[in-house]
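Encoded as structure tokens, the following chain is the form predicted alone, with no partner shown.
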Amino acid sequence: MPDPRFFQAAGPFSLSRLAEIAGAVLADGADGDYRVEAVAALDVAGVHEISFLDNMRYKDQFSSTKAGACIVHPDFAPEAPEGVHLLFSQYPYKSYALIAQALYPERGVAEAFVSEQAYIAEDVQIGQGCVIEPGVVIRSGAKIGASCWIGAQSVIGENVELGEGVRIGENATVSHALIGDYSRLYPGVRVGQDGFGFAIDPSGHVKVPQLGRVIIESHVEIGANTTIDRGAGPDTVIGQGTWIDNLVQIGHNVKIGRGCVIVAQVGISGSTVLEDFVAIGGQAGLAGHLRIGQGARIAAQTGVMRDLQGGQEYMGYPALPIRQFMKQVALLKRLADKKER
């Protein structure tokens, strides 16, 4: 159960109400009036808590759970212990997420508050209902949309524009950027700093002025300590609904499409294009000036040095279609085994 010192439950909710929220169906015999107070993992859940099964590694925990209710795919109903109220869902993890959101709603902007310890230039425009915490600096010409929340010690640069409902975590910096509605930057994010652009010269490298912007569209999430360089001339663009994990580096002029998922410690070099719905696993590295096709999936620690077609899975260094990579690994193992014999 989530620690009530940090997470306040909004419940209890009836099981029938949770089924509506989750897009799930009450199993035969489940009591729609049963009250659920919290969420919990299968192995620790109690009688007034709800859990879920989405990974068969936890099938044994499901079979012995003490949870009062559980979200499962209908195929696993026979494995449920007696007395557990079941919600059937084709996508149990998604249904769990929706229920958890309802039980533990994110703290909203309760009322407008601008700290006296914030520095805000005279010509800054601030919409209604904003929270601006102590130590924030907002420089000349910035426009802050309604219901924004800017965390302590963050810096918003000159002429930056934040759309409605944008959240900026503590100790973040944003410059040369336009940020769409309801996007969120977590603590320590750096947006809009110089891209890594220079001309190589024997007498000393010559810096290339970085004259572009960062365009972050709506409903984008950017994890803690991620860095996004502004463009050198063209803009760096992050598409609508993209989610970026912690500690990701995105170089100048990169274009990221809609609905992409980029996991921690990925590095994307300058001028590379990710089409819509690309997914990249942790610690993968992408060289510059590449195009990654729509829906491509790149495994963790993959090294990408050429364009990749969409709709395929890739793995290895250099990146290969995953089946081809696995065949090469198997062949190398057979050769090694043969040599040992």
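Just so we're clear, the structure is a prediction, and the values are computed from it rather than from any experiment. One-based numbering along the sequence shown.
Absent from the display: the form predicted in complex with another copy of the chain. The rest refers to it.
In the predicted complex, F325 approaches another copy of the chain with a heavy atom inside 4.5 Å. Taking non-hydrogen atoms only, G23 never approaches another copy of the chain to within 4.5 angstroms in the predicted complex. Put simply, Y34 is far from another copy of the chain in the predicted complex: not one heavy atom of it is within 4.5 Å.
Taking the partner from elsewhere, G197 is found to have a heavy atom lying within 4.5 Å of another copy of the chain in the predicted complex. Of the residues given (A146, A80, A224, V114), A224 alone sits with a heavy atom within 4.5 Å of another copy of the chain in the predicted complex. Just one of V220, I132, A232, L86 comes within 4.5 Å of another copy of the chain in the predicted complex, counting any heavy atom, and that one is A232.
For the partner-free chain shown, A172, T173, H176, A177, L178, R184, Y186, P187, G188, R190, Q193, D194, F196, G197, F198, A199, D201, P202, H205, V206, K207, V208 of 172 to 208 come within 4.5 angstroms of another copy of the chain in the predicted complex, judged by any non-hydrogen atom.
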